[in-house]
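This document opens with one chain alone, in structure tokens, the form predicted on its own.
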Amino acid sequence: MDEVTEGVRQRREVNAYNLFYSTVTDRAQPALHTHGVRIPMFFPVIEDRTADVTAEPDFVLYDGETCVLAEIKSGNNIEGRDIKQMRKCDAVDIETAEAALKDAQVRERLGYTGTVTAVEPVIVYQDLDEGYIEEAAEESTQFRDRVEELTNYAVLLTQDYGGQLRPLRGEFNESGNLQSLLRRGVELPQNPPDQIMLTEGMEHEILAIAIADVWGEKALDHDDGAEVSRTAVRDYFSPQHNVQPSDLDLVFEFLVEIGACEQVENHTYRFTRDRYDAVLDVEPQVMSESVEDYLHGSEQTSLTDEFE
């Protein structure tokens, strides 16, 4: 089996996020936003210090009543850590969910009161269906046990391009509008655009792709190109992501080295039209080789890892 590079893994993860995100847009049928469903939080940390519970779902769906804590996976491999993640989401009670929505300022931003009547953990896999579950469960006791334990804490859903977001196993805790919509299934687009550009971990490879996509494209509209500072990049991706300056320094070093942009002053860079071919090369380059390896070589990276 071919080894999946870090760049490919990150691209798949972002693709999975964007497919799920499309459920609230007009590209889906029914478009959940027309039923009052919003995504007030991306990659939140929902903490209940009293119960010593910290849940970190990828998305929160909210329709003014139900709070869905959604974890999105880019493959169909159900791992033990998935169960651990959903156990934590399942431990989030109504009061904790309301406090998180209050912190997210849903009243100010969405006009919702922040009242929660139900908390529903869901986990979404790609390329998973009833046939795969049945076959894998017959072949592997571990897989069967994991499905059973996982669905003690969350509703198991699948999603696919041009297919549906739909439940496979498990039951929602309560009845409600949002639960009914998800239970009936949502038709998904074949090619959703990138609304989410970074992974939860904000790795260097996907960060390089995102910066090249945003400012490399922007440069095409201006004769003198588009300049961007390190601070401007951090502001662009906040508050969903707190991109670290050290990560940006490394990624811009890579982008300059590959010829996608030039450094014009301290922590400020310029993308221009004549560099657009190099901008287009960023994604295929990081798909085949990590940013660290490109800059410092794989042997040097391995040596550094040993001392960390």
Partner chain sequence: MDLSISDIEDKTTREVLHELIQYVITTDEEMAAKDTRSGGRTDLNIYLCDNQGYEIGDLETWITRLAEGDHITSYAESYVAEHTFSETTADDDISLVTIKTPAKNREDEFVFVTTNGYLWVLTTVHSDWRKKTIENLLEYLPCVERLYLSAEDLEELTGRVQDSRVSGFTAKYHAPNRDRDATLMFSGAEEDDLQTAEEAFDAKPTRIEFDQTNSPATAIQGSNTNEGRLTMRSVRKGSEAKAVETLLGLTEGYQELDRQSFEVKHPPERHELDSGFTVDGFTAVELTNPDRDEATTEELITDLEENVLNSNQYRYGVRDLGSKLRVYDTNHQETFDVALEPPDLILYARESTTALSLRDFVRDVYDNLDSTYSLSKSANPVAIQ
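Just so we're clear, the structure is a prediction, and the values are computed from it rather than from any experiment. Residue numbers count along the first chain shown, from 1. In this text, rigid core is short for the largest set of C-alphas that superpose within 1.5 Å between two forms.
There is another form of this protein, the form predicted in complex with the partner chain, and it is not shown here; the text below is about that form.
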| item | value |
| --- | --- |
| Distance check, Gly297 to the partner chain in the predicted complex, heavy atom within 4.5 Å | no |
| 4.5 Å heavy atom contact, Gly185 to the partner chain in the predicted complex | no |
| Exercise: Asp224 in contact with the partner chain in the predicted complex, heavy atom 4.5 Å | no |
| Val214 within 4.5 Å of the partner chain in the predicted complex, heavy atoms | yes |
| Sole residue of Gln240, Thr268, Gln244, Thr54 within 4.5 Å of the partner chain in the predicted complex, by heavy atom | Gln240 |
| Contacting member of Val116, Ile83, Leu110, Ile133, with respect to the partner chain in the predicted complex [4.5 Å, heavy atom] | Leu110 |
| Which of 73-81, 167-175, 145-153, 191-199 lines the interface with the partner chain in the predicted complex (heavy atom within 4.5 Å) | 191-199 |
| Heavy atom distance at most 4.5 Å to the partner chain in the predicted complex, all of Lys88, Val92 and Tyr125 | no |
| Any residue of 12-26 that, in the predicted complex, places a heavy atom within 4.5 Å of the partner chain | Asn15, Tyr21, Val24, Thr25, Asp26 |
| Tyr132 C-alpha moves between this form and the one not shown by 2 Å or more, core aligned | no |
| Tyr236 C-alpha shift between this form and the one not shown of 2 Å or more, rigid core reference | yes |
| Rigid core superposition, Arg275 Cα moves 2 angstroms or more between this form and the one not shown | yes |
| Pair Gln240/Glu47, Cα separation in the predicted complex versus the displayed form, closer or farther by 3 angstroms or more | closer |
